[in-house]
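Next up is one chain by itself, shown in structure tokens, the form predicted alone.
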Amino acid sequence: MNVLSAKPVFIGDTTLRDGEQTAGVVFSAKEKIAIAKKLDAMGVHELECGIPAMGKEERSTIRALVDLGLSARLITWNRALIPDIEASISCGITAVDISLCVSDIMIESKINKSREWVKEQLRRALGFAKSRGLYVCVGGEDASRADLSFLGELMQIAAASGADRFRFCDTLGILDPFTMQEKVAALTAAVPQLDVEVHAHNDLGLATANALAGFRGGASYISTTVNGLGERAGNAALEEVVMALKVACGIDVGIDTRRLAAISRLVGKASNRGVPAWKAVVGERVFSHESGVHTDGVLKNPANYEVFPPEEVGLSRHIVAGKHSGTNGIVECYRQIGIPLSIEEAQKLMARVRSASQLIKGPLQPQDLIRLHETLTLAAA
């Protein structure tokens, strides 16, 4: 994907909107402000910050976010209804997402309308928004199940009416990366004057892959949430997308990745959804090593088994003493707790470390290592 390194890519984060739509998740105004500040400080380009039509309290929080004067563009989610857009304007918002159902199944069985109604509603809502000087993203709900020719027609209408971009939503998370790339490529070729955003859900565990595939297909915006928070299985994770672009694609989007672990912990706490220790990129233990071969390789050169340094995302490396430990790993584990060991001593301790780990079904803690060392010392005496 290095051929795409010159192509601009913008990261939008919808933790405060789609992330909060996770069943059971509620952010306080204070938490939203803290999350927004951290996302802005690390360089995220756009924050989808809420749904003004929800009511007075939501609008008050959005107004507070606007008043922060962040560098990131703030955008709100709206149905393609003029009152929704007016509610956004009342908050001081200058960018809106106007969402419409675009698949036949949703048009017919969710809103009980027709394709013609969708087109007319797009013209009406978009025309109103542009007449008020707003930046407009047209959101295609369930675009992944929509007829491509109909999507192209909607995008032509949007472009002709002054829309700034089109959001291709894999609302049910049903696409594979190959199909995502093909669909987005077809749309960007058909309507090249309109920027495309890819919004991927994770129902099949493919959200990050689909986000990158959408970019490869020509999308210039990628929608994310911190920790992949979102409805059902969640959305493409901010930390995964940013690091995948950087490491796998050679594209630095200008985000300070050293802050990724901190924002992950903040959102995990605010959402009451703790970050799993083995969560890709930001899990507390994703830079843990136990296996003798792996640990030996990492101690000699971390690049042997780490695709990027833990410090790059705000984490630390851990050498773990357990069932699969080798002598060099045991020496390092004891060094970390201030006990120097010779290779000979480590070899004598290795069987004890492995046996103890099997008994407790997990890694040994410092007190366990100290106890084993004491038994070795007593045996030598």
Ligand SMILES: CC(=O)SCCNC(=O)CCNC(=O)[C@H](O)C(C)(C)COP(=O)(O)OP(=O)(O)OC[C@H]1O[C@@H](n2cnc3c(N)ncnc32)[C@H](O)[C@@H]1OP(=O)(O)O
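Source: prediction; values computed, not measured. Residue indices: 1-based, along the sequence shown.
One more form of this protein exists, namely the form predicted together with the named molecule; it is left out here, but the text below deals with it.
Answer with one of 306, 284, 290, 141: the residue that has a non-hydrogen atom within 4.5 Å of the named molecule in the predicted bound form.
Spelling it out, the residue with a heavy atom inside the cut-off is 141.
Can you pick out, from 255, 134, 100, 187, the residue that has a heavy atom within 4.5 Å of the named molecule in the predicted bound form?
Checked against the cut-off, the match is 100.
On the criterion of a non-hydrogen atom at 4.5 angstroms or closer, are 227, 244 and 317 all touching the named molecule in the predicted bound form?
Result no, not one residue of the spot touches the named molecule.
Out of the stretches listed (175-183, 259-267, 100-108, 213-221), which one is close to the named molecule in the predicted bound form, meaning heavy atoms within 4.5 Å?
Heavy-atom contact with the partner occurs in 100-108.
Can any non-hydrogen atom of residue 54 be found within 4.5 angstroms of the named molecule in the predicted bound form?
Although the named molecule is absent here, residue 54 would touch it in the predicted bound form, with heavy atoms inside 4.5 Å.
So in the predicted bound form, does residue 80 come within 4.5 Å of the named molecule, heavy atom to heavy atom?
The answer is yes: residue 80 has a heavy atom within 4.5 Å of the named molecule.
Consider residue 21 of the chain shown here, and say whether it contacts the named molecule in the predicted bound form, taking contact as heavy atoms within 4.5 Å.
Within the cut-off, so yes.
Can you check whether residue 171 is within 4.5 Å of the named molecule in the predicted bound form, heavy atom basis?
Yes - in the predicted bound form, heavy atoms of residue 171 and the named molecule come within 4.5 Å of each other.
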